[in-house]
Every structure is written in C-alpha cells, then in structure tokens.
Ligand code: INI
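The chain below stands alone, shown as structure tokens; this is the form predicted on its own.
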Amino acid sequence: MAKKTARMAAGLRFGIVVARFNQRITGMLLRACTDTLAHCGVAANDVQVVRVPGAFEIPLVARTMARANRFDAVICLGAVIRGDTPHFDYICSEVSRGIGQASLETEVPIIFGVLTTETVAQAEERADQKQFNRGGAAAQSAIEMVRVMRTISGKVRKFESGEPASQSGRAAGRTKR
C-alpha cells in the first residue's frame, strides 16, 4: 500500500501560488504541500512555486498558471488573519471568489489552500504538519481533483499501477459513448 501512495501522482505537474504576507505561516503551508506531493511521487521538477505579495494577488497568478497548459492543477496557499478593520472580510471574499472563478474559467483544478482565521494561533495550528496540515490537505485535494477531471473527461490514468495516462480511456477498459 505504501508504494501505491508513493507513486499515485508520479508524472503530474503542479503550480503552487503562495502569498509572502504572513510568510512564517505560508512557509509552513508550502512545506507541507510540497512534502505531500513528493510523498505521492511528484518529482521536484514537476512543481513550480510562484510567490506573490499577498492573498489578494493569488487568483490572477493562479488563473495565469492554469491557462498556461503546463499544470494538471494549481494550488493556492495563503493566510488571512482577522485584524481590527473590515479589510479581512474584503480580502477573504475576493480571494475565494477569484480562485473559484479562475477554476471555472480554465477548467483546471485550482485548490483553495488559503487559511482565513481569527487569530495567529489558529493559523499556526492549521499550518502545522503535526496538527491540521492544511498545506498537505491542499496537495491531496489537487491530486484527487486531477483524477476526477481525467476520469470525467475520458483521460483515465491508472494512478495505482503507475502506468502512463491513457488519452482516450480505452486502455483502461472503458469505451467512449
């Protein structure tokens, strides 16, 4: 079983957009994300990390990466922590809307791995690999969404066996309808 997990995403390519704002937190998310991708068989050269100033800038870069046709999925990582002004509400709303819109427009899985917390302690807890591990969860969601999209589009890949992707689904015993 461990070998299956270690190879299940071999050959897939991922873009990661990570905000520099709250860098200690986003760095923890990024580490957990890349560790999970590596554990699932993704080669380091199949991952491109792009850093942006803050969470607000994530959707534009995520959409641009998705449109580049170089990635099977894009993972968005950031941390927005509530302060004393309504800034938190505006940023969270626009980031979530923008990421969702970008995914719908491009039909590429774009994963929302942006923490939206009330306190720094909550953000630290969710970014800690030994606790909630939201960076790793974002990587796992990205892998799963690539599998889902390939299955429904007819581009079936035998992830568990490590065989190369099928372009039509026929190699996996499926016929086009």
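Quantities reported herein were computed from a predicted structural model and do not represent experimental measurements. One-based numbering along the sequence shown.
A second form of this protein, the form predicted in complex with this ligand, is not displayed here; the remarks below concern that form.
Stretch-level contact check against this ligand in the predicted bound form with heavy atoms at 4.5 Å: of 46-54, 141-149, 59-67, 128-136, the positive one is 46-54. Although the partner is absent here, R97 is not a contact residue: none of its heavy atoms lies within 4.5 angstroms of this ligand in the predicted bound form. Contact annotation: V80 falls within 4.5 Å of this ligand in the predicted bound form, judged by heavy atom distances. Interface residue remark: L12 is not counted as part of the site for this ligand in the predicted bound form, having no heavy atom within 4.5 Å.
This ligand in the predicted bound form comes within 4.5 Å of a heavy atom belonging to A19.
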